[in-house]
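Just the one chain here, the form predicted alone, laid out as structure tokens.
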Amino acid sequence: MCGIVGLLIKNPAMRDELGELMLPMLIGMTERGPDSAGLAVFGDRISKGKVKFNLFATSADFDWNLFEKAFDSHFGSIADLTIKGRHAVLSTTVIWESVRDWLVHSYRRELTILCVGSSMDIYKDIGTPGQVAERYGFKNLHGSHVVGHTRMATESAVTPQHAHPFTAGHDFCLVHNGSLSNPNSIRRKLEPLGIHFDTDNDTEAACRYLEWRLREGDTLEQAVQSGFEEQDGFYTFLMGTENKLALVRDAFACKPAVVAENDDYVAISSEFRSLARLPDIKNARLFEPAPEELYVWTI
């Protein structure tokens, strides 16, 4: 059992309130996921020609200053590094594949690459949703939309790496309530294509499969339809891209989800209690998403 939350701000004047509006939603799902929590927040694109890496340090005493010097020395380029505890955002003009390869080769045991892109930041860690939110200042986040998750582990370890959201490619993330019965068959399909997996979590298999289909030229709708045929299990998926929030449930729709929509926002949660404190919720249109139907909201 896990909890998912999503919030897309339609009214640009409310984007500075994204963190404050989202925080009660995430904490409201604590009972569904007390082991770990995380979110992906989408904000303004970084400068043209730059890409950013979200990094997580295995050790709390990781030396970010030494890391920054090593980056500058290796690439001959000054890194723009924003540090928040064990989390850091590295922005650079260096070709992203070169940075990725260097990180994997030099810091495989010390750093986890949480995501790569231009508008998305990922924060995830072990602890209750409230503890994780306090650790990384979720209340102060701003942006256009957010995808969040609280985890109660059922099929893999409780670690920061196994927490949701999972990401693949650039500015694409997925959170999941449910379980897949065939993640290993999906891995066997994708690994010969050069797609690398970081964990044994079933959600990562779904995330990498859907991103692969998008990279192969599918629309989001086509990728999800292909997933109905390839992914076996029970699931509610909430996905985020640079300008979209998307929700889909499997054919049985046994994993709960509720949507609230008005002129200011679209809010999604596993249970209504996480939506109850949103402004003007009484006048929002409430509905339960239908099985095997993709719902997409665009900025």
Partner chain sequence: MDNLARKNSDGKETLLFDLSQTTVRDMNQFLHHNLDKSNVSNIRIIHPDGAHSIAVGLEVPVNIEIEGHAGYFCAGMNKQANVTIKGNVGWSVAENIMSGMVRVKGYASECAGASGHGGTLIIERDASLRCGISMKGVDIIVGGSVGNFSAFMAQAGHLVVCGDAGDGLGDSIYEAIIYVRGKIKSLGADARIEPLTDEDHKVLAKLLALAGFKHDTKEFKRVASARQLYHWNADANQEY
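Positions refer to the first chain, counted from 1. From a predicted model like this one, the values you see are computed outputs, not experimental measurements.
Although it is not shown, the form predicted in complex with its partner chain is what the next lines describe.
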Task: Interface residue in the predicted bound form among Asp264, Glu68, Glu230, Glu271, criterion: non-hydrogen atom within 4.5 angstroms of its partner chain - done: Glu271
Task: Proximity of Phe252 to its partner chain in the predicted bound form, heavy atoms at 4.5 Å - done: yes
Task: its partner chain contact at Arg277 in the predicted bound form, heavy atom, 4.5 Å - done: yes
- [ ] Using a 4.5 Å heavy atom cut-off, state whether Arg32 contacts its partner chain in the predicted bound form.
- [x] yes
Task: Touches its partner chain in the predicted bound form: Pro291 (any heavy atom, 4.5 Å) - done: yes
Open item on the list: Looking at heavy atoms inside 4.5 Å, which stretch does its partner chain contact in the predicted bound form, given the options 237-245, 47-55, 255-263, 33-41?
Closed with: 255-263
